[in-house]
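Just one chain is shown here, as structure tokens, and it is the form predicted alone.
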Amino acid sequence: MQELKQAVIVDTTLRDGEQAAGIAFTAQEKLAIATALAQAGVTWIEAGTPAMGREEVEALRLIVNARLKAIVFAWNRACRGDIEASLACGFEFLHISVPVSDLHIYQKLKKSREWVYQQLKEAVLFAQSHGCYISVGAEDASRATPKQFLELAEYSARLGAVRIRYADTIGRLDPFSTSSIMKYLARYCPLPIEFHAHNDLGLATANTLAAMQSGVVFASVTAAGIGERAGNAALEEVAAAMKEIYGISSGIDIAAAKKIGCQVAALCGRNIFPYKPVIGTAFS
């Protein structure tokens, strides 16, 4: 078993978490959640998608202007309009997402890989011309080949990106395949990797831990595991497992993370299943 030495939590409750059906936080709720996350020790907060419109922009400006003790950043497609919306909110760190699998590029978008790379280049250079730092997201990476992911990582590194996200967009990996893939990618990837898991098969937390144990440093999570379809890896589960299993600190106050998970579930109008790991009443 490889020793897990370092772990950095990237919370996306306010972006991917809010994509869950029926969830829409108010601006004040978003600010309260972001503030609680920062106070709990979360150092990276994906706050939202400015291109969604005026209400989202107003909420994100509140978060940016709060000057939290965390790096707050915005999610963007690789297009100038998205970048301009993020700049208008005052973001200095942007996440720019592009598809990497053949399925998403050729069948969903009906574009070419060259087109994707050109879009990414134009978006990154435009954001950098305004002083922004960039991470790149590889959508549907688990249905791309390792070679395709590494080619995107190398291209992103040449553009000056500082991190790349590996998204298991449909939650198709298991811990064994995650470990095998991440060991290989972590060895050859020129950028630090952020692992982003979805919980379609109930494996998001296990896959995230497997990725961390295989050389990945950044873990993407959401409070209470909220998110699209079956959700994402849960903040409180990943942080607690890192401490209890591997004996390392993610920098997160576990008690505070549990409280945030319960508060977020309440704001979503969702009852917490009594046996839900870490925050269920069976564990109180």
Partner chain sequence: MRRLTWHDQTLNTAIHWQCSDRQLEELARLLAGLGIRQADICLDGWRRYCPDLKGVQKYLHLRGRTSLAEPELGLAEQLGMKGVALVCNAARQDRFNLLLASAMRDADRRCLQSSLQLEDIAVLSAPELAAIAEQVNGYDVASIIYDDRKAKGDPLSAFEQLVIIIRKVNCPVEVCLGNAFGLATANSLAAVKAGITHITTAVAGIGGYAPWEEVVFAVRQLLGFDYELPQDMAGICRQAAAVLELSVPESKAIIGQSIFAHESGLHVDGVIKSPELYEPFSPELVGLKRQLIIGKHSGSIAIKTKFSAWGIGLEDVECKHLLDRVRTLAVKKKAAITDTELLQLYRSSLKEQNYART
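Owing to the predicted nature of the structure, the values given are computational and were not obtained by experimental measurement. Positions refer to the first chain, counted from 1.
Separately, the form predicted together with the partner chain exists; it is not shown, and the next lines address it.
Across the proposed site, Phe93, Glu122 and Gly261 without exception lack any heavy atom within 4.5 Å of the partner chain in the predicted complex. Residues placing heavy atoms within 4.5 Å of the partner chain in the predicted complex fall in a single listed stretch, namely 96 to 104, out of 147 to 155, 125 to 133, 96 to 104, 83 to 91. Although the partner is absent here, Gln39 sits far enough away that none of its heavy atoms falls within 4.5 Å of the partner chain in the predicted complex. In the predicted complex, Ser142 stays away from the partner chain, with no heavy atom inside 4.5 Å.
In the predicted complex, the partner chain sits within 4.5 Å of a heavy atom belonging to Ala241. Mapping the unseen interface onto this chain, Thr26 counts among the residues with a heavy atom inside 4.5 Å of the partner chain in the predicted complex. Put simply, of Ala256, Leu62, Val217, Ala230 only one has a heavy atom within 4.5 Å of the partner chain in the predicted complex, and it is Ala230. Annotation for 199 to 213: interface residues with the partner chain in the predicted complex are Asn199, Asp200, Leu201, Gly202, Leu203, Thr205, Ala206, Leu209, Gln213 [heavy atom within 4.5 Å].
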